[in-house]
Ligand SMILES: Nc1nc2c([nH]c(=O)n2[C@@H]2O[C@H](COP(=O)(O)OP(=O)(O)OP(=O)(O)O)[C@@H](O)[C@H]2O)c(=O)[nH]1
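Let's start with one chain on its own, the form predicted on its own, as structure tokens.
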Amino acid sequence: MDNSTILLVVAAALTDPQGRILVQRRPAGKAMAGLWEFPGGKVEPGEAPEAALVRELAEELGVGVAAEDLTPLTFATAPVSERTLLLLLYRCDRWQGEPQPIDADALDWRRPADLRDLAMPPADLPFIDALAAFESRAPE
């Protein structure tokens, strides 16, 4: 496997003060339309993952995030055609602005365990357990 067979994608678990995670629903006309996902997107050639996520959150949600406020949490892989999707999940609990569904049909805030009730892309599913485990370790 070489770098040309890996599709690098970043996603954010934006976490509000109540511990809820923001998810967005993919709009009609896009691959996997109607599924709920963590906001984010593809890393462009030569772009650092954190810079890509800062850019994607601005484009998709209209929020400003500082790269230093992104904490790596976990990753997942999944086959996509002839390539392997490598999806990096970052946790973020600080941003500027109110998230808007710029590139989505809808937004929803959910507790990690409640994410299991949503139809999500296969690559996002392993993140639910990681987020639930993180929540259970968090101090009250």
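Treat the numbers as computed from the prediction; the structure is a model and nothing was measured. Position 1 is the first residue in the sequence shown; the rest follow in order.
From this point on, the text means the form predicted in complex with this ligand, which you will not see here.
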Review point. Is every one of 26, 37 and 85 within 4.5 Å of this ligand in the model of the complex, counting heavy atoms?
Key: yes
Check your understanding: Which one of these stretches, 67-75, 90-98, 107-115, 29-37, sits within 4.5 Å of this ligand in the model of the complex when only heavy atoms are counted?
Key -> 29-37
Check your understanding: Taking heavy atoms and a 4.5 Å cut-off, does residue 131 contact this ligand in the model of the complex?
Key -> no
**Study point:** Contact label in the model of the complex: residue 13 to this ligand, heavy atom within 4.5 Å
**Key:** no
Review point. Should residue 126 be counted as a contact of this ligand in the model of the complex, where contact means heavy atoms within 4.5 Å?
Key: no
Check your understanding: Can any non-hydrogen atom of residue 19 be found within 4.5 angstroms of this ligand in the model of the complex?
Key -> no
Check your understanding: Which residues in 102-122 have a heavy atom within 4.5 Å of this ligand in the model of the complex?
Key -> 121
